[in-house]
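Before any questions on how it binds or moves, here is one chain, the form predicted alone, in C-alpha cells.
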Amino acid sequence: MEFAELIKTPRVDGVILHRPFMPKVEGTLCLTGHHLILSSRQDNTEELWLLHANIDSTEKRFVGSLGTIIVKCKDLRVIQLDIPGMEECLNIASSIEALSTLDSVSLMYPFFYRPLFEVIEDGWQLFLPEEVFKDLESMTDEWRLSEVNKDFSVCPSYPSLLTVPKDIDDETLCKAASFRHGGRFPVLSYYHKKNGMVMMRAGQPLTGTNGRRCKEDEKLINATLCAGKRGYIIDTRTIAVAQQAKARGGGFEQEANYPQWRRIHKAIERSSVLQESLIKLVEACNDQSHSMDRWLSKLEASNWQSHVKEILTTACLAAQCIDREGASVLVHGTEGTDSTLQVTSLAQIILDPECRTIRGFETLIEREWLQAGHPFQQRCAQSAYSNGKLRSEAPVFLLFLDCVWQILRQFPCSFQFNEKFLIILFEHAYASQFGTFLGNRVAERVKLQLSQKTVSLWSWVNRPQELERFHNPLYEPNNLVIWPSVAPQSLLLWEGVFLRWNRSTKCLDEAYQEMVHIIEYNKELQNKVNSLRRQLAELETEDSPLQTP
C-alpha cells in the first residue's frame, strides 16, 4: 500500500492552529505518510510535527465553509485546526483517520525514521539477558540461564533466555510450562542480595475445576526456598476472581500441594476496568466547568487513585515479605503480563537502589516489561479519547509510571531521574519514532527485525545532552530500602501527565530552574569551602616546624 493513496489533500494554506497556552498560529498544513505538519512563515513560531500514531480520535465541525478539526492525542493533548473550505477539511479528516489507524506494524514510523543524531550506544545491545545474568552470577551460583525457550515454542511471550534454579532441568521446565497460563512457568524476577531471598513471576496455574496438580511445577518453585523457609504466593486477583478462573481452566495453587507456601490474594483490577478508569479521569481533568464538589466527585468516580493505591500496596507487601520476613515470593495474576509486572517492578524499585538510577530503571523496563512479554502494541493502541470499541487496550504501563512518580515524590532525593523521564516513557509507549515499544513480545520483535530496522529509544535517551535533561538535581545515592506511604492522603493526582495541557506550567518551570540554580550555586560554594580548607591545612603544616622549640 502507498501512503499517497490515503492522502486526498496533501497541503492546505491558511490553516489556523490552536494549542493550549500558546498563541494561535496561521500557516500551511501538510500531510505526510506519518506526520501532520503545520509550518508558518511568522518569526519565532514553533512548527507542529504530530505523529499520526499519536492521534487517538478526531472530531469535525462546520460553520459555513469554514471547517474545524479537533485532534485528540494519546499523550492527552487536544489541538484545534481551523481549515478554510469544507472539502479540504473533510479530506484532511478522512486522511488523518486512515493514517492514524494503520494495522500493519511494518508501515509504522519507526521503520522509516532515520536519526539525525549520532548513535553512540546501540540501545538494542544494552540489556541482553546474558549481560544481566553476569551481575547475578557475581552474587550467587544457585541459578542458570536456560535456552529451553530459544525458539519461543515453550512460552511464546517469554524471551529466549530465562533465569531458573540451577538444579531444575529443561524437561522439568517444559512440564511446568504446560501447567501455567500461556506457558509462563515461574522464572526469576529479582534476587535480594541482602539475604538471598528471591522474587519469581509466572502465569496462573491451570488447576481447573478438578484440582489438577503438577509435580514439576511444585518442584520448580520449591527449589527457590532455603531449608526450613516458607514462601509467599501473591495472587493479584481477589479470591472470588481466582475461583471463577477455575471454571475457565485456570485457578490457583492448592495449599495441600504447596505446603511450604502461603497464598495471599490482592485486588488489582482487570485491564478493561483500568481503561474505563483512565477515560473517566481524563474527562474529569478536562472539564473546566464544574464546582469543587463535582470535581472531587468525578475524580473519586474514576477510581484511578484507588488503582494506584492497590498496586503500590501489593508491591510493598512483596517487598516486605522479601526484606523484612526473609521469605521468597512468587507473583502472578491471570496471564502474568500486566498486574504481575506492575508488582514485581515496583517491589524492585522499593528494594534495590540500582533500579532508582537512570540506567537501572532502563534495565528494569527492558527486563520486567519488554522482555517479560507485556503486550505494549495491544495495551497502548488507544488512549483516553478513542471512540473505537475497546479490545485489549489498558493503561497498565501508565499506572506503573504513576506509581513510580508517587514514590519519587515521597523520596525526591533517592532517584537519579526526574519526572520528565517518566513522562517521556509514557509518550513513547503510545507513539514513537523509535522501535523499542513496538510489538507485544520478544518473539514478535525478532520476527520484525526491530534491532536491525529501527532505532532504540535508549540510543537517544542515553546521549549526554539528553541524560542531562532527565537528571534529578536533588539526587543523592541512597542504598537503603525505601518504604512509600500508601495512605490516601499521601497519594496525589499526577499533574505532570493529567493536567499539563489544562494549565500553564510556566511558574513551575521557573521554580524548577531556580532550584537547579540554587543547587549549582551551593555546589560552587561547597567547592570553595573545600579548597579553602585544603589551603588552611597546608598553611598549618608549613607553620608547624617554625613553632617547634
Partner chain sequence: MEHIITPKVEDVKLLNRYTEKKSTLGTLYLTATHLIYVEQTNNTRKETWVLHHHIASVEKHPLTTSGCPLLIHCKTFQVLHLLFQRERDCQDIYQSLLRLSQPVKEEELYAFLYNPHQNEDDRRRGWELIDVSNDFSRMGLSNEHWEISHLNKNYEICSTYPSVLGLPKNASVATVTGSAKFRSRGRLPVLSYYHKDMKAAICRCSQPLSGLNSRCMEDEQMLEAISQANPNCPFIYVVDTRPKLNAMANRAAGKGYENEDNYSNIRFQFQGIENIHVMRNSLQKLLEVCSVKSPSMSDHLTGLESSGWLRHIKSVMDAGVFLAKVVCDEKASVLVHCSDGWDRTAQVCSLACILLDPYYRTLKGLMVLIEKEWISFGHKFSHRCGHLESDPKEVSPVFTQFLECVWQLSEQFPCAFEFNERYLIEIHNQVYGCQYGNFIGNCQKERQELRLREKTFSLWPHLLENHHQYRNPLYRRSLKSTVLRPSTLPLHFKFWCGMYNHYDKGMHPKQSVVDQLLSLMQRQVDGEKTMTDLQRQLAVADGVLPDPSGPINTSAKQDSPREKTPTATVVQSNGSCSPLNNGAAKEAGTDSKQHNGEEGAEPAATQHGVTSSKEKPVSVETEHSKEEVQESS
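What you see is a predicted model; the values in this text were computed from it and never measured. Residue numbers count along the first chain shown, from 1. Whichever C-alpha set is largest while still superposing within 1.5 Å between the two forms counts as the rigid core.
Keep in mind the form predicted together with the partner chain is missing from the figure; the text below concerns it.
At the 4.5 Å threshold, heavy atoms of E476 reach the partner chain in the predicted complex. Under a 4.5 angstroms non-hydrogen atom cutoff, the partner chain in the predicted complex has E495 among its neighbouring residues. In the predicted complex, the partner chain sits within 4.5 Å of a heavy atom belonging to E540. W483 belongs to the set of residues with a heavy atom inside 4.5 Å of the partner chain in the predicted complex.
Taking K175, K219, R359, R409 one by one, only a single residue has any non-hydrogen atom within 4.5 Å of the partner chain in the predicted complex, and it is R409.
The listed set S104, T209, S289, Q465 contains one residue whose heavy atoms approach the partner chain in the predicted complex to within 4.5 Å, identified as S289.
Highlighted residues H18, V132 and K134: none comes within 4.5 Å of the partner chain in the predicted complex, counting any heavy atom. Exactly one of the stretches 25 to 33, 65 to 73, 483 to 491, 47 to 55 approaches the partner chain in the predicted complex with heavy atoms within 4.5 Å, and it is 483 to 491. Heavy atoms closer than or equal to 4.5 Å to the partner chain in the predicted complex belong, across 52 to 74, to no residue whatsoever. With a cut-off of 2 Å and the rigid core superposed, K528 has a Cα displacement that reaches or exceeds the cut-off between the shown form and the other one.
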